[in-house]
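Only one chain is given next, in structure tokens, and it is the form predicted on its own.
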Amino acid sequence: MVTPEVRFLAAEKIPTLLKRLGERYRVFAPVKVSETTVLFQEYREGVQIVLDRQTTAPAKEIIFPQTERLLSYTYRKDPEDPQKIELQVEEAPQSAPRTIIFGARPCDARGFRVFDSVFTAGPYEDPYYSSRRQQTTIVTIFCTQPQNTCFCTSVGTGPTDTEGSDLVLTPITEGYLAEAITEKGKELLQDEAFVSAQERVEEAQRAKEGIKLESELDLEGIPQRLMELFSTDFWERVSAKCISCGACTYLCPTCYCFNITDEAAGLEGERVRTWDSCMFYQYTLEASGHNPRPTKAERYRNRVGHKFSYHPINYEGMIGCCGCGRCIKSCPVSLDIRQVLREAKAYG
């Protein structure tokens, strides 16, 4: 943690700032893809950056790719003994380039804290994730206008939360007040685009105080309550309209489930890690053909239970949800996880 240091960043200076940073970093920013879609993409001149609304998908793919090669392998016959086969393995590089995620939201940054609890702070560290995480600087914009699907304050964070961020931006007149949270954030403030901001500190403080998002969920006792509902018909009722598309998991900043497969071609192949979804039938399908979660209701129970019961129990109370609301906003059948949790507390 560093002593807070503030600067002013004019909105008109952002394109030149990102271009200059691109000479030293890989820079990702929210880019308008269509009228309804904003995605994090690697910055290049001429793209339209959108900083006044939440991105359609989170930034998690930048640090936790949807598909990545872990190693490659080759089988070779011994020329002296054709019955003997030699296996040669080459692991994928674990080093990562310096990267900046510019324009994330506090919920996105909080999502990486959930990933950290699993991939860096547990008994087994993931070297691929850890390398990218350490090399990434996260620049977050405070949410001055939360959407009606947002519920971050209910899960222990908020529109002005700094957890997981390196540099935070508060929208003010003609630009942003920038505050360094870590040494990586302080390093960015040395760029010439950031100028003195002492006369703007009070305006930024008023802007933060004007952000209103009341906590709408009472999650007291919910981890134990979900365990009590493990074997009831409750899950069949609340998941009835779910179509198991997996959008809720793929658009979630805190979902980290993955599958590992060997993709072979002849005597060569690769071991590949890809995102997986607990809403898919194949998620827990075993080689024997047995599936411990054969129904949609059981899979949805696992999704909600993991975020609000199993993860808090295993990781010192940390809820495995950042309250971004993407799973609500993008669900094709409008299944609202907030309502499911309310009904769980009231059930019976």
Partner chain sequence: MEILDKLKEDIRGELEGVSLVIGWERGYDSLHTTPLFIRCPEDIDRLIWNPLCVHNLASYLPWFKGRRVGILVKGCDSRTVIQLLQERLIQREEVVIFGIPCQGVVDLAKIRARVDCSQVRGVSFKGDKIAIETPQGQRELPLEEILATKCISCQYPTPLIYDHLAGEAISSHRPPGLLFAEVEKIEKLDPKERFAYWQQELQRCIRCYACRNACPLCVCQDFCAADARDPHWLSQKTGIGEKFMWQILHAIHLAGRCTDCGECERACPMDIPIQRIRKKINKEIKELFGYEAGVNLEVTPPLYTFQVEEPAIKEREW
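Under this definition, the rigid core comprises the largest set of C-alpha atoms superposing within 1.5 Å between the forms. Positions refer to the first chain, counted from 1. This is a predicted model, so every value here is computed, not measured.
The protein also exists as the form predicted in complex with its partner chain; that form is not presented, and the subsequent description refers to it.
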- Contact test, all of 35, 283 and 299, partner its partner chain in the predicted complex, heavy atom 4.5 Å: yes
- Message: So its partner chain isn't shown here. In the predicted complex, which residue out of 205, 173, 259, 224 has a non-hydrogen atom within 4.5 Å of it?
- Response: 259
- Pick from 197, 217, 247, 189: which has a non-hydrogen atom within 4.5 Å of its partner chain in the predicted complex? 247
- How about residue 201: is it within 4.5 Å of its partner chain in the predicted complex, going by heavy atoms? no
- Item | Heavy atom of residue 78 within 4.5 Å of its partner chain in the predicted complex | no
- Task: Flag residue 98 as yes or no: does it have a non-hydrogen atom within 4.5 angstroms of any non-hydrogen atom of its partner chain in the predicted complex?
- Result: no
- Message: Please determine whether residue 333 contacts its partner chain in the predicted complex, using a 4.5 Å cut-off between heavy atoms.
- Response: yes
- Task: Report the stretch among 162-170, 179-187, 105-113, 139-147 that approaches its partner chain in the predicted complex to within 4.5 Å, counting heavy atoms only.
- Result: 139-147
- Who in 259-274 is close to its partner chain in the predicted complex, meaning a heavy atom within 4.5 Å? 259, 261, 262, 263, 270, 272, 274
- Query: With both forms fit on the core, is the shift of the CA atom of residue 128 between this form and the one not shown 2 Å or larger?
  - Reply: no
- Core-aligned C-alpha movement of residue 119 between this form and the one not shown reaching 2 Å: no
- Query: If you line up the core, does residue 194 shift 2 angstroms or more at its C-alpha between this form and the one not shown?
  - Reply: no
